[in-house]
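Here we start with a single chain on its own, the form predicted on its own, put down as structure tokens.
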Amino acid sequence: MSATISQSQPAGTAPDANPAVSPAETDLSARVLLLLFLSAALWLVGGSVLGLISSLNFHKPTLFADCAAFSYGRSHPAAINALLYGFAAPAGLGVLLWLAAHLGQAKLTGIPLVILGWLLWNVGVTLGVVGIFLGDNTGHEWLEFPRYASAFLFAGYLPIGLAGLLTFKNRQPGPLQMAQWFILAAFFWFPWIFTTASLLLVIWPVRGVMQSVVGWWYMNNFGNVWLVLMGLAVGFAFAPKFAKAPLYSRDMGLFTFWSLILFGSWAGIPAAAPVPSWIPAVSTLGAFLMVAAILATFLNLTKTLRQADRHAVRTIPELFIPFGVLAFTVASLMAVVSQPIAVSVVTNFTWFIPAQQEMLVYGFFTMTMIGAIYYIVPRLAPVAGTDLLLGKASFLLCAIGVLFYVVPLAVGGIIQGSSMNDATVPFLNVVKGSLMAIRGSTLGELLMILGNAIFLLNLILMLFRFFKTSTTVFLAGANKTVGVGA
């Protein structure tokens, strides 16, 4: 997208430099991202409902006894994959595309590529969820979609990723902003880990325990690296916007980035895993090397946000994104603390692990992306104002839901692990003792479903107002044209 050289071109300007565009022009070119945000919100609500169905199996095992599709073994992976691939990936990619265009002062490049990728991706997610319900499951956690669904996901990601890279290429020259480092890395990270895991686990499966090692590696890279790259890109981009001040420390941001890239993918393998001892030892080392980066991120972003006017009314994004920053710190420290063998023998195979994953995937990433979408959509659709009451209601329900889900499961998981390591406690008593924690988490899931539904309703109302106003303006212009012609 080269600019035409004009006679008034300033001296020293590169002949093929792209002219900077206004934020309004960027938003106009990026309206296609509304497709990604709407479909992501729909999958978020659908995945949340499936998660509730899977949770109900613990309260009343006979509830879905005559329906194999709603059994825990199918509804749970369907819920997780709907959240990860139906919501997290499209929402994250949509936000990254918008940020790449805005931070680079360029238009979104490759709109047909985005539409094609969106179609292929949603076909893949739909086929994958239906396949899991029909019993076609690979058995590898976070990668349960059958191979034909994974093929659509890969084919859908390529055009979207290419559009992101082209947009990044057309940015204005100059040093990269902190968020741009995370955006560029995120565009490359997913295709690498997804193709590697698919080849080694589904296409040409490795043998024996190595399947578990690859599975742990993929889960860690998907959750603790790729989702974190996208989530922190939002944090580093929006914190200065909210504070109306520069980032507290660029050096700390670069330290976080390189720590995540170099050491983030090492962790994830339990200390008690039945593999050569050097593998979990390296995994534990990688987890502890991330502690400084986790604390640096929290300090950097909170110091930036504290520069904001404390008396100003906080907008909806300013509720969601800081909550996500706090949740990232808690989830990351939970992962680090559970890595040493002295703790892993207690927390592994307990409800503590799902609690940590929920804090990362929902408490950090989902809350951060919802906040970013609340910020972006009114700019893509200028006449679509956010309903503040609905926005605050969705935040409160989601935030309280996360706490009700994570805290009981984390505490209950520690108690559960301690009981399992006590040979005098019958296993049936361990199971019964976990029911209270599960009840608390189910209440949290109900609250999150309500919050997600309100978020979807708010998004639909914004889009409805936008399209209604746009249609009215278009028809008025058409009638005026016809009248002049007559």
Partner chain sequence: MSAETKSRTASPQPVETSARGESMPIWLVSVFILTAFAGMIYVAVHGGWFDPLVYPPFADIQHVDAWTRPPALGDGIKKGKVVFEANCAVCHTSTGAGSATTGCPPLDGSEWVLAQGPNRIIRIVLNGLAGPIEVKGGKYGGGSIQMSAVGAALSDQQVADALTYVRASWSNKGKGAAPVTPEQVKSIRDKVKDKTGFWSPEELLKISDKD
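All values derive from a computational prediction rather than experimental measurement. Residue numbers count along the first chain shown, from 1.
There is another form of this protein, the form predicted in complex with its partner chain, and it is not shown here; the text below is about that form.
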Does its partner chain come within 4.5 Å of a heavy atom in each of A281, F288 and A292 in the model of the complex? yes
Taking the shortest heavy atom distance, is L463 within 4.5 Å of its partner chain in the model of the complex? no
How about Q105: is it within 4.5 Å of its partner chain in the model of the complex, going by heavy atoms? yes
Taking its partner chain as it sits in the model of the complex, is D251 near enough to touch it, meaning that at least one heavy atom pair lies within 4.5 angstroms? yes
Looking in the model of the complex, any heavy atom of P112 within 4.5 Å of its partner chain? no
Exactly one of L299, V202, L166, A308 comes within 4.5 Å of its partner chain in the model of the complex through a heavy atom, and that residue is L299
Which pick from P146, G73, P354, P340 sits with a heavy atom within 4.5 Å of its partner chain in the model of the complex? P340
The chain here is shown without its partner chain. Which stretch in 133-141, 118-126, 234-242, 317-325 comes within 4.5 angstroms of it in the model of the complex, by heavy atom distance? 234-242
